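In structure tokens, one chain follows: the form predicted on its own.
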Amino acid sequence: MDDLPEALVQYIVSYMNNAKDVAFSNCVSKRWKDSMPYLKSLYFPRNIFDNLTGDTPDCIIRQMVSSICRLETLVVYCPFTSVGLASWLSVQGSFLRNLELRMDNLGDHQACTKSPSKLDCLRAASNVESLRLWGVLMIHPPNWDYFLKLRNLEIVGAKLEDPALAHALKACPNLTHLSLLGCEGLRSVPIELPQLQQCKLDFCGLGDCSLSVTSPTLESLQVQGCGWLQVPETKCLRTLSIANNSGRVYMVDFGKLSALESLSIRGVQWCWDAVSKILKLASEVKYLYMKVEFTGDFEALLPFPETDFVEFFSNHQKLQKFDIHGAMFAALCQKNSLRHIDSSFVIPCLEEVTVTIRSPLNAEQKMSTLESLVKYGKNLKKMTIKILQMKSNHSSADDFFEEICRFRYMNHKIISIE
């Protein structure tokens, strides 16, 4: 190390970020200590101050942050106060590009009303480009100026109120990536971000949240926990995932999904209008994943109506990978659907199919549908048949499984059973 040029030592040391490693390195030599101001990143793990005696975590973090010339990345998972956060950001806020904080104030309503709150302190990081917050309580609009350089905002595990979130998003007009994960308390979420490209939303609760997204540049949208969705501008949308594990999907209102390549719809119950509309719009899709158990507009859980096999695949000519589960597979397995198939009919692009079967009911029709997928899928390379929790005291379950095994034996090059 003594033979290395000073600049090279500083360059090597600058790759450290764990605060404990930095503290130890300060004790190695004066030369190493003199290189610490050139660090670019600092990371404080969750338990770094568990056995601390003497100074408070706030003071130690401030001391280390203040010793660095231009800190670009700060990650703090250990406990801290709003006073401490304000003091660090007053020193390095204008230099920070990446900021990640474990706020841990979900149950602290009293601290949320204090001024400044932890959220209010973030305004000092005016040039931040990526902001990740864990365990956030946002029931009042944060006192933020505009984060004009912020491109990535991620909030994980939060209690939010609609006006507070709307105010926060308004202060981040140039976002390209937005993630709200494990968030509760929201009822109506309007998102208007002209440069948004990637959006991932996971709302906890009853699954009755209403969402509208307005962004002409949106490329990927993943939503969980919404009953009503409205996305009018979709000319760039390539990946779409809609799930609702707690409630019912009542309505989906999308623009034309001409660029969509991947569609995933999941949930216990979807209104049939929502299912049929999204399938009709996604006519150009290449990958389709469907795991919806029931339909029905009200509390009663109803099976899917009969879906014509030929019409379905004729409307999805570009489909390459198809993962089908539950009610939709049963809907395709109707006698009338396969009674009269034109000899010229083919499924042109289908290469991979995964079918999950949970019941031996209508075994003959299900076998006929599986055989038709192989027969008309001229480019089919792989079919996986998943037998999932099939419970029946009747011998039909064993007979059905024997038929599937026989079918697999006849087409062993492409079919596997799980």
Partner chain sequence: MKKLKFIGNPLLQSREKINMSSDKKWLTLKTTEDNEEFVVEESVAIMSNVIKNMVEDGCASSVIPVPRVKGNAMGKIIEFCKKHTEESDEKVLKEFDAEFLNLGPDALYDLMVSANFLEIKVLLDSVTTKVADMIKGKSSEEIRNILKIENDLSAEEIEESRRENCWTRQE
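Positions refer to the first chain, counted from 1. What you see is a predicted model, and the numbers here were worked out from it, not measured in a lab.
There is another form of this protein, the form predicted together with the partner chain, and it is not shown here; the text below is about that form.
Residues of just one listed stretch (345-353, 57-65, 359-367, 374-382) have heavy atoms within 4.5 Å of the partner chain in the model of the complex: 57-65. In the model of the complex, the partner chain stays beyond 4.5 Å of every heavy atom belonging to Ala397. A residue is said to contact a partner when one of its heavy atoms sits within 4.5 Å of a partner heavy atom; Leu52 meets this definition for the partner chain in the model of the complex. Although the partner is absent here, Tyr15 is a contact residue: one of its heavy atoms lies within 4.5 angstroms of the partner chain in the model of the complex.
When contacts are judged by a 4.5 Å heavy atom cut-off, Ala19 counts as touching the partner chain in the model of the complex.
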